[in-house]
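What follows is a pair of forms of the same protein chain, given separately as structure tokens and numbered structure 1 and structure 2.
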Structure 1
């Protein structure tokens, strides 16, 4: 049965080719049929493979070679593997993608035909790329799939090409993940050079014999690459803006593809990270940071898609935390359950906002329970699963497994557990905030009915998984080769209380919107995750304050300041146009508005700061510095020589710029001369 594996991604690939390359005109129905069919077929093809796997055919892992290139001693193989990991992830990806595509058949049906065709073509390629990543048994196929999903995410986020916001969001996602991808490529190449094979099993087998000094950078680079794709802390910025794409794209991108790829890669290479404990610790730290920070930011979001985006970041953070703590099986179980409830949340939120005038603001969803009861209740169940309401939801079991793995992870376990439990509480708070708003009464209840069977079927299936999927968590973990830790009674109870507390918090937040605003205001500092706000608070604001103090209208303050400075023995520089370094500021001093020679009785300092206070402060500070430190020593000849030397760099820079003539012929001459110099050097050093 394993030999069927390479055919699983093929329908999606064919769907992409047919939809994108055929120069024939297709009708709307045919496009939707091909697009949806090509995404459903992989799931059907994968079913018998998965069943044979469950029968125990793949516990040891089977490798299906596709292509092998003999190059003398070295053999490059492209192969797929069927093992518990690819079985769990592949099954999740195929199932979720099939459901999302069925849904988007209805959701996107009103798009113009060329756009519809483009949408389904790229979605199919997206699925094919993700399946390649999941099934890959060698780094070549893995990286091909990895880059394919990166490209597809760019095209899908920027799907509405007429919106500048969407295009720039797509570009941001592409560039951010590309920076991480280059690190991943570097890491994989170093791993290849150390192991001498492109096959993943061979690479992992070679890990124990590797020099730890070599292993750490390899693991670090690969981890950073994976974290970039998964939108973890330093690279998280692309995910919230990626909401510019259509809703089904968000559903697929956030649950089973793209952001999940990093988790899958980390799980696939778990032995490598087990051998590099310091890198694992870094991964775990970034994971918990993203889990807690993402949850905190999600609480104050006002747009439901943004809220869900930060929620994804946070949940992936939980998985990354488990991976960093050496529990890949637990992370995988959370991945599978999360894929179900997160796509459920996105899809039902899409239906609700469709029925609420197309707005994605949470306030606009008020009353959705009466307009779209089906969508509302499936959203509520998804939110319960995300929040991890104890016992009755699937999310509780998988999150419990993560928390247990955190608790029993050594000396740092308990503080980490506390942080993770706090993040779980916040998760419940933001998830139920939306539910409470959408469930409340509103004035206008009339809305056009929307959504037929194609919308309902995915919602129902995903709802079922989000509830009863919990029963499979223990089995999943065991199947993926991990052991489920069980917590002592007290942390279990606390962990169960956290989501309930979160629900209460959400209720309070909704009842008292002004409290929420206050929290949002308080959290402004935390949002400086966005660094510019921190920068503004602690630097720009102070600077402005100083500037206004120095530069207020009548200048008395500035004169007083100058007098105070002079009392302290600092030579105020506005008065030293004749000083030995006067020429340093010669150009500025020549400008009429800089220092006009006290014609109206005002001191130069006042004139200096009157016009543009912010700009002048720099000059004042520089001149105070020059006056108090540099000028004192400058009559010295050595110093002047030294200053001349420093100034020379400026001239050298100005000269060097002239090399850039912008002429092709000059450039090729320089290239040729440089190559010749390199060759001469190589010849000279290798001459025997």
Structure 2
């Protein structure tokens, strides 16, 4: 059955190709049928594979090769693996994605046909990319899937392209995660150079023999890359803004894809982090910080989608905490249960919002219990599971497993457990605050009928998992190779009391809204919570400004930017004084005749940066490096000739960068050509 594994992502990939490239006008019904069918088929194909895995066929793990790339003495093999980790995560991703896409068929039916086709095409590619991450047995396929879900998240968050807020949110998510991705790529390349193989099992086998001074930077870079994708501190700022996309996008992105990718990567490389205890400690600290901070911020939110976004950060923080403490099986169990109740919360909130005039404000949901009772009770059960109400919800079992792992983690176990228990209490407070508001009576009880089987079936299935899924937590932990710790009686009782206290706190917050406003007012003035503002000002804003200045077609925009900054009294050299590129640009901009010379194309930097937003940054840095250092050590004719030869490469590089136009269709064309060349090369080198 393991041989079926490479075929699992294929339907989703075919759905993307058909919907995005087929030059035939399709009807609305056909588009929905293709999009939903392409998402359901992977779950059907994976079912027999999962059953064989549960029978013990994948306990030792199985690798299914796809193709080999022969590069002389080195052979890179692209393959997929079937083991307990890929079975748990793959089954969760396939099931949740199928239910969300079924729901999407009804939710997105009113969109214009071109947008509907684009939505399902990108959602199918999103699913295919995530399945590639989950099943990858080598870093090549892993990174391809990793970048695919990053691109798809950008396109889905910025789906409403006519809304500047949505486009800005998508751009923010792309920039932030791309910075983390660069760290991940550097870590994976260092790991490849140390292990001499692209296969993940070979890399992990080489870890014990690695130099500790090399191992720590590798683990640190990979951990930062994973934390960026999972929106953990300090990369957390992009996730709350990512709510600008449609509700099904949020449901899939927050439950089983994108943010979950970092958790899956940390679990997949758990032996690497076990060999670097200082990095594991850093991961654990960032996890508990995000779990507690996210829960605290969620309490004061007034928008249901932002509340659920901070909730995702907090719950992923619990998983990251367990991973940092060396309990990957516990983290995976919480991942599977969280995926079910978080997608349930998003989907049921979407129904209640639809029946409340389309507003996502929590106050607008008042009376939803009477307008959409099915959706309200589904949301209430999902909130109970998120809060971890004792015994009766699945979330309690998975969260208790995390708390038990924290308690038994060593001398820091008790302080970390107290923070985690406080975060659990706040979780119940913000979750039930919405339930109490939506369950109260409202003068406006009229609502048009909306929904149907396409909406109800996913809600019923996910509700069942959110309730009875807790019975499988112990089995999942054991199946993933972990052991479930058990707390002493006193912390068990305190852990069970925490969500109940949170429910009481939520009731008081609803009855006394002014107290909540005071808390929100105070939190906004706490310096620790200004991190997002500081992060934006010193990091994102500078990067966006630099890209804007450099990203112009003929240099006139750079001139206009410099002129505008001068009129505002901004010192251009000082604005970008921390990097060589900024100083180079600043020196030219500071010249009295800069504007007139640049308009005529006489300014070297402006000519150089024209037409490429980001890629030419490297060229400019290289030119500065050559001019400042290398040229001074080339006094003779031979050296100057050699430097001229090297400079020619820089010119060729500048011409080659013209391929980066920033258009998705151009990127798609180059990716297709590259894949075709790769396949031809692999076929030619492996054919006998």
Partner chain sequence: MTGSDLIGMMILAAGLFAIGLFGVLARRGILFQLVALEVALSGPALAFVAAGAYHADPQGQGMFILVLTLAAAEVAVGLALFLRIRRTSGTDDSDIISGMKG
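This one's a predicted model, so the numbers in the text were calculated from it and none came from an experiment. Numbering follows the first chain given and starts at 1. Think of the rigid core as the biggest set of C-alphas that the two forms share within 1.5 Å after superposition.
Structure 2, not structure 1, is the form predicted on its own. Once the cores line up, the CA of residue 679 ends up 2 angstroms or more apart between structure 1 and structure 2.
Comparing the forms between structure 1 and structure 2 on their rigid core, the Cα displacement of residue 669 reaches 2 Å or more. Core superposition places the Cα of residue 654 25.7 Å apart between structure 1 and structure 2.
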